Ligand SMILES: C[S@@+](CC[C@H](N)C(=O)[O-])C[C@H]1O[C@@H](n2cnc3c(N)ncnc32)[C@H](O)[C@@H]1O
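Shown next as structure tokens: one chain only, the form predicted on its own.
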Amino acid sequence: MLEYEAVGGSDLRAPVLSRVWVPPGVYRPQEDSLLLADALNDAPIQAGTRVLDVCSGSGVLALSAAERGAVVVAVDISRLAVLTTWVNARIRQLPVTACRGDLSRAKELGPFDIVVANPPYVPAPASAAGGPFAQRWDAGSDGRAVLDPLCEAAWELVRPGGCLFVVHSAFNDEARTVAALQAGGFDAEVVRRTTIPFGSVLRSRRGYLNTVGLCEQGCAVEELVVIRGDKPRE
């Protein structure tokens, strides 16, 4: 079993990050990962539950589900992320299948009982120079370049009676995510919130966030939210 500890003085419970191998170039689990892992604790996972971890990164959420008995498929567009998830799962001898691909690939492998997603969601101007690994966090002018397609694909990814968990920033308009999932047939609501200081990426985007009206001058914190969508049984 992965060990658990309180993080950042909060009551969140999440895998100890030092026990997950994360090479340079792969998204390192941070507060959003921890908040999502905490929400996933509410999911009805048991032996044989099929779980999809989309935008898997290091695979930390896939590992959390697999440790509870789930059979997990982890999908990411990054070859290095797929390798990282595979290595972390093999070390623990957990039933995680790591695949390279996008939402189309995920739909081919579904449907799933539970879908968990920590997609890129940082708003970025078209001129952003985020470096070679910016795809880990940059997601278009409003940060919804992956969120919107995910909401559109959710109905096909989740089996009847199943559920979806997705984390993102309040800068991305949580009401828009809830409305998109509801329009697609889900019962959806925000189930977790936490406020954190800006990290290095958002500090570098503060001017852009001010310009497009996503935060006030001098803002230094963001709110993270986890949204759960439940698909009705047929």
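Just so it is clear, the structure is predicted and the values come from calculations on it, not from any experiment. Sequential numbering from 1, following the sequence displayed.
The same protein has a further form, the form predicted in complex with the ligand, not shown here; the description that follows concerns it.
Novice: Consider Ile114 of the chain shown here, and say whether it contacts the ligand in the predicted bound form, taking contact as heavy atoms within 4.5 Å.
Specialist: No, Ile114 sits far enough from the ligand in the predicted bound form that none of its heavy atoms falls within 4.5 Å.
Novice: Would Cys55 show up as a contact with the ligand in the predicted bound form if we use heavy atoms at 4.5 Å?
Specialist: Taking the distances in the predicted bound form, the answer for Cys55 is yes, it comes within 4.5 Å of the ligand.
Novice: Please run the contact check for Asn88 against the ligand in the predicted bound form: heavy atoms, 4.5 angstroms, yes or no?
Specialist: Contact check for Asn88: no, nothing within 4.5 Å of the ligand in the predicted bound form.
Novice: Taking 4.5 angstroms as the cut-off for heavy atoms, does Arg136 touch the ligand in the predicted bound form?
Specialist: It does: once the ligand is placed as it appears in the predicted bound form, Arg136 has a heavy atom within 4.5 Å of it.
Novice: Going by heavy atom distances of 4.5 angstroms or less, which of Cys163, Ala154, Val146, Ala98 would be at the interface with the ligand in the predicted bound form?
Specialist: The residue in contact is Val146.
Novice: Since exactly one of Leu181, Val60, Leu40, Val51 fits, which has a heavy atom within 4.5 Å of the ligand in the predicted bound form?
Specialist: When the ligand is considered in the predicted bound form, the option within 4.5 Å is Val60.
Novice: Which of these stretches, 66-74, 194-202, 168-176, 23-31, has heavy atoms within 4.5 Å of the ligand in the predicted bound form?
Specialist: Of the stretches listed, the one contacting the partner is 23-31.
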